[in-house]
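Take a look at this one chain, the form predicted alone, written out in structure tokens.
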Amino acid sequence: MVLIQGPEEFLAARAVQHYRARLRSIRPDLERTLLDASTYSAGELQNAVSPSLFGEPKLIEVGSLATMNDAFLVDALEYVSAPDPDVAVVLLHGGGVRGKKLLDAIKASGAPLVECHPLKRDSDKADFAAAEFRRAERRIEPAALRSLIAAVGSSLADLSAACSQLIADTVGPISVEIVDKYYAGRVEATAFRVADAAVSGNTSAALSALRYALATGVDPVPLVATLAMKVRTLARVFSAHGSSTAIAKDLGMQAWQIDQARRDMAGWSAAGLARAITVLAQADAEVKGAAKDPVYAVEHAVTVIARAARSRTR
């Protein structure tokens, strides 16, 4: 038995596929049966695990344990107490308290547990994507990895598909330029291009990227949000001391993110950061309705931030 538990459906589906593929690599004649715990009828599990006429190995995949009915709970508890060693059973529970007695019994039996929790932090998504490229024995530059995560968004399925596309369609190390070629049109990627130019102090490049973003339909609200996230990262790293690895652990970030922030901070002063934070607070209110011209608000914020980025050199 294997219990796959958690609300992240992509990770759960991948875990099932991985387990199924391993079994089929050993026994190509594997017989697969699907059961739904929410619409289960009494006796289905016992019938599914019973030996077949020709003795093929069996894999039983049971979904919807989070909404299991009472009939399944009764039969599953009985099966867990005396599982068939010649049958593989994969149980998927999307989270919640339904069936806690069964979950506790499965865990107490020593069955493997695969936890599938959502990856909410960018650092977790970066680890996930980096692992995709490592499995394919491909290298991706840290900045390119960051651009990819910014462009694709929060869906792990989309991120995995993007990694697969880059692996299949390109050769050699994957650079920022390659990621931009495939995903530059995404709103998130465009916003990060504006933010990167602004915090590096390149006013002309930042305003040029901003005009492109606005011309292609990007709303000022996500532009200001991305600028704010970038500046907040600088502020968190600005007064931090120690190695990148140690700071990353303290702040819940990746070491490469700390290294990038330290490079971005080359021209920044404490006063410059204070000006940037102040103008962003004002811009956030203005693009959300406090001003008649949200475009001017974001342009003003970009200009002030780019100038503040050079405050240490003045």
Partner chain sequence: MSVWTDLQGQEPVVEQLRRAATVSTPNHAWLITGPPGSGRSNAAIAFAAALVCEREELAARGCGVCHACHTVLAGTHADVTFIATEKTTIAIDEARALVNKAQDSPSSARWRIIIVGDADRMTERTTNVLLKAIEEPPPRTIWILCAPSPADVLVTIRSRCRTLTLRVPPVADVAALLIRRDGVDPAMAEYAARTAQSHVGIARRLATDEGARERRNEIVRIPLKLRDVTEAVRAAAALVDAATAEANSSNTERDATERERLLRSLGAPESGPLPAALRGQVKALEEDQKRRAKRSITDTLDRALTDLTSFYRDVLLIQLAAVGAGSATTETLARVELVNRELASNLVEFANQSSAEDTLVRMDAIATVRRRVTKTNVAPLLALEAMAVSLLADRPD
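Positions refer to the first chain, counted from 1. Rigid core (definition): largest C-alpha set, two forms, superposition within 1.5 Å. Predicted, not measured: the structure shown is a model, and the values here were computed from it.
We do not show the form predicted in complex with the partner chain, though everything after this point is about it.
**Student:** Evaluate residue 232 for contact with the partner chain in the predicted complex, applying a 4.5 angstroms cut-off between non-hydrogen atoms, and reply yes or no.
**Tutor:** Contact check for residue 232: yes, within 4.5 Å of the partner chain in the predicted complex.
**Student:** Give a yes/no on whether residue 74 approaches the partner chain to within 4.5 Å in the predicted complex, heavy atoms considered.
**Tutor:** Judged by the heavy-atom cut-off of 4.5 Å, residue 74 is well away from the partner chain in the predicted complex.
**Student:** So, residue 35 and the partner chain: in the predicted complex, are they within 4.5 Å at any heavy atom pair?
**Tutor:** It does not: once the partner chain is placed as it appears in the predicted complex, residue 35 has no heavy atom within 4.5 Å of it.
**Student:** Considering only heavy atoms, tell me if residue 136 and the partner chain come within 4.5 Å of each other in the predicted complex.
**Tutor:** Residue 136 lies outside the contact set for the partner chain.
**Student:** Just to confirm, with a 4.5 Å cut-off on non-hydrogen atoms, which of 52, 47, 278, 41 contacts the partner chain in the predicted complex?
**Tutor:** Of 52, 47, 278, 41, the residue with a heavy atom within 4.5 Å of the partner chain in the predicted complex is 278.
**Student:** Which one of 66, 59, 255, 273 is close to the partner chain in the predicted complex, taking close to mean a heavy atom within 4.5 Å?
**Tutor:** In short, 273.
**Student:** May I ask whether 236, 250 and 282 all come within 4.5 angstroms of the partner chain in the predicted complex, judged by heavy atoms?
**Tutor:** Each of the three qualifies.
**Student:** Please name which of the stretches 199-207, 83-91, 238-246, 108-116 has residues with heavy atoms lying within 4.5 Å of the partner chain in the predicted complex.
**Tutor:** Among the listed stretches, the partner-contacting one is 238-246.
**Student:** Could you check whether the CA atom of residue 123 moves 2 Å or more between the shown form and the other one, using the rigid core for the fit?
**Tutor:** Result for residue 123: no, shift under 2 Å.
**Student:** Rigid core superposed, CA of residue 31 - does it shift 2 Å or more between the shown form and the other one?
**Tutor:** No, its C-alpha moves less than 2 Å.
**Student:** Please check if residue 81 moves between the shown form and the other one, taking a CA shift of 2 Å or more relative to the superposed core as movement.
**Tutor:** Moves: no, less than 2 Å.
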